[in-house]
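The form predicted on its own is given below as one chain in structure tokens.
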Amino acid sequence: MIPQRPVSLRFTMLLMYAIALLPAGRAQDVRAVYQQHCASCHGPQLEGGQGGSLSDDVWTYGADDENITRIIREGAAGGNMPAFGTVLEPAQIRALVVYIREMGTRAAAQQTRFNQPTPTTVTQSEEHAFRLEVLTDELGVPWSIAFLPDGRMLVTEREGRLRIFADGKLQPEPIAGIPEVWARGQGGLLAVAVHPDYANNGWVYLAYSDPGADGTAMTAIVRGRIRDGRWVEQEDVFRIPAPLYKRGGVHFGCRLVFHDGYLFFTHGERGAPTDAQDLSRPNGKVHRLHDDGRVPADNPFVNTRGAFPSIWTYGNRNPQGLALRPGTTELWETEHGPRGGDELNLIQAGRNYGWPVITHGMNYNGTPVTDRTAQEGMEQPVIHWTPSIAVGDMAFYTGAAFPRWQGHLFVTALAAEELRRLVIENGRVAKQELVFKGIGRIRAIAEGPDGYLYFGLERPGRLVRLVPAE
């Protein structure tokens, strides 16, 4: 359990990052900026006119974000494209780039057929053919999946229920006696994980939105044992002081990973962006503890006055996935950006991952967050998804059922309803495949002991799995 620490860093760091965010641009929706300055040449829907289309992925002066930004700012030789660097602020130009990417992706999607697996069809991906099997459609919002050594599956429902799937069916009664859960908005019963030495110690870990006073809540982690359908012998692993609890129903995290006696876990910034840069606050961070909740003596900020001692990294917005790459010590994380700028990060001790000082996205209402996508001392994502796919859970595949997928990273998406396969080579994404799309929001992913891939889908709440169909 984390003790209360001094908070002398709080006001200094808040002031520093509030100042850093001041030049973020006029609070004007990017659509209005586009209609005012761009639509007369490029069309009201980016379809083209006097100027070329901005939604067909054909670019005269370079297709990457840097070149598009440069052309908007400086214009093009010969007067074909006027310069807007003196008219628009840098943050507005950055928002325009995100908007152009969104509209281009939308136009491309309307002309593309995606795999949409069903229980009665065989789906062919680049490396394997597979079938989709529906195990149950009787869940609320399944958030996390973990397997016990005997093959039983544990599933958390956001509504506050821990369920068991065994012998081909969902057990009718949830596990009794789990902690009270603040199940509102994005809060609820979040992650479940089984201790690597479960066969000897029986520990199961739960992360959840813990209700505080006056409508506040914050992420907490406990461990306990399941005996005769009940949750017993509970111990606190991570629980912060009550004064740090926050109102609001967004950005709790949380994912759990065990490695070498340590527990790594994520904590969203709870809708308070500047907290992600404040070392005296736990939210907006990746943390490391011993698996019993003790703080490791070699954590990067354990001797920093006022810092929360379990912090492993900071500047993280809302991490929805965390996974250890098999055969390595590499810890990988997926993170919700705002509107654009979803990230895949390689997590390294003590590093600052930038939010909200740098981001590849903009606010949900179309206004800029900042014009900065990079800054010295802040990490860049390995890749970012702009437009946002609402990136979710992730898992490295190690099974034998799909041999050509071994070692590949599978990433899920909520709003985009996607499963993506990423090939990682030398710390970068060498290849990315959209395996399927459009069958529901994918909140959870896990590899089963049978080598099949298991998913928790929303609307309706379902457990499904992919099985080979070669």
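A quick note: this is a predicted structure, and the numbers were derived from the prediction, not measured. For every residue, the number given is its place in the sequence shown, counted from 1.
In what follows, reference is made to the form predicted together with a small molecule, a form of this protein that is not presented.
K.L.:
Among 434-442, 40-48, 399-407, 420-428, which stretch has residues whose heavy atoms lie within 4.5 Å of the small molecule in the predicted complex?
P.N.:
Checking each option against the 4.5 Å cut-off leaves 40-48.
K.L.:
Note which of Thr112, Asn80, Thr118, Asn201 lies within 4.5 Å of the small molecule in the predicted complex, where distance is taken over heavy atoms; exactly one does.
P.N.:
Selected option: Asn80.
K.L.:
Please identify the residue among Ala107, Val250, Ile71, Ile175 with any heavy atom within 4.5 Å of the small molecule in the predicted complex.
P.N.:
Of the listed residues, the single hit is Ile71.
K.L.:
Given that the small molecule is not shown alongside this chain, does Val30 nevertheless sit within 4.5 Å of it in the predicted complex, heavy atom to heavy atom?
P.N.:
Val30 lies outside the contact set for the small molecule.
K.L.:
Report yes if any heavy atom of Phe84 sits within 4.5 Å of a heavy atom of the small molecule in the predicted complex; otherwise report no.
P.N.:
Taking the distances in the predicted complex, the answer for Phe84 is yes, it comes within 4.5 Å of the small molecule.
K.L.:
Does at least one non-hydrogen atom of Ile311 fall within 4.5 angstroms of the small molecule in the predicted complex?
P.N.:
The answer is no: Ile311 has no heavy atom within 4.5 Å of the small molecule.
K.L.:
Find out whether any non-hydrogen atom of Ala413 is located within 4.5 angstroms of the small molecule in the predicted complex, and reply yes or no.
P.N.:
Output for Ala413 is no: heavy atoms all beyond 4.5 Å of the small molecule.
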